[in-house]
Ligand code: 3PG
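One chain is shown next in structure tokens, namely the form predicted on its own.
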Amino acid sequence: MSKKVLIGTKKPFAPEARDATLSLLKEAGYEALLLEGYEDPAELLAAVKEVNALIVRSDKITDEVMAAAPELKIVVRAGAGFDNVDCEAATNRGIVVMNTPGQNSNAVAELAIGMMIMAARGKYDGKSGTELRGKTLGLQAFGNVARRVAEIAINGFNMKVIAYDPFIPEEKIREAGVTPVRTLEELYQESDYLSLHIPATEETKGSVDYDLMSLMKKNAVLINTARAEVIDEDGLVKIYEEHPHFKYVSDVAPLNKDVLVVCDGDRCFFTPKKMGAQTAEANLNAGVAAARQIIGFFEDGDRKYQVN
């Protein structure tokens, strides 16, 4: 009997990406199923009952979902972040969790740069803005997305780029034309633009707090294409109230709606939904990569991108 693979996406892939992913699975002899644009979590619970593999985007894959899927062997998050999957529960149930690192990197990087330009030009309000050329861009973490942001900023805008990442050797950062800094405090103090690329973990949730944000220069801009959870939103509200020149642009809506009340239109911007990976190219890359990883897992035991 062929393996059953469900593409379960509340936020659907672009049609070309969805079709290419389904075709790849079918060509490999798998039964490819589709659930997209669902509203009720019960629809996902019903759809996973007999599946062996699951491809998701930002969908919440909880222990309840896994309990409803007794044949499930692998979950692939089509994207880099995987905090929407309960990895501990998956491990306890013998389910492999993978992500598709690097597949969305350029799309997210281009959005981060675009948001910087928008902030520099005052959201195109007709008033004089500033240029990116010669400004200092700080990167908090230096993974795939941050590397691409650095490349665009250096080659396209002649920006000075600095980065803080205690998990990457300084020489690797320097090889990319980026200057490593030793502390987060230095990163926040020196940056005209500061782009967040950290995952949402127990260590990072709420870590971008008032103390760090208060170190930023006058008219500095904080860019968040990572996760809402990494921001201490009480601290963000306090910064807005005390620092009239602080700007925040984000690809993730605030968890605390008080932020929207305090934040005025000139100093903040939130995309209506998470848009970092919302390009046809990124969708295609991530969907096809997820399908290939599932095929490799079942056919060859390949666990290269396992995260749990």
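Because the structure is predicted, anything quoted here is derived from the model rather than measured. When you see a residue number, it is the position in the sequence shown, counting from 1.
This protein has a second form, the form predicted in complex with the ligand, left out of what is shown; the following refers to that one.
Trainee: Does the ligand come within 4.5 Å of any heavy atom of residue 147 in the model of the complex?
Mentor: Although the ligand is absent here, residue 147 would stay clear of it in the model of the complex, with no heavy atoms inside 4.5 Å.
Trainee: Although the partner isn't part of this model, could you tell me whether residue 140 comes within 4.5 Å of the ligand in the model of the complex, counting any heavy atom of the residue?
Mentor: Contact with the ligand, no.
Trainee: With heavy atoms only and a cut-off of 4.5 Å, decide whether residue 78 touches the ligand in the model of the complex.
Mentor: Yes, residue 78 is a contact residue.
Trainee: Hey, in the model of the complex, is residue 267 touching the ligand, heavy atoms inside 4.5 Å?
Mentor: Flag for residue 267 set to no.
Trainee: Based on heavy atom distances of 4.5 Å or less, which listed stretch (242-250, 255-263, 39-47, 54-62) is in contact with the ligand in the model of the complex?
Mentor: Partner-contacting stretch among the options: 54-62.
Trainee: Quick one: 4, 73 and 293 and the ligand in the model of the complex, is every residue within 4.5 Å by at least one heavy atom?
Mentor: Verified in the model of the complex; spot residues all out of contact, no.
Trainee: What residues of 90-105, in sequence order, lie within 4.5 Å of the ligand in the model of the complex by heavy atom?
Mentor: The stretch touches the partner through 104 alone.
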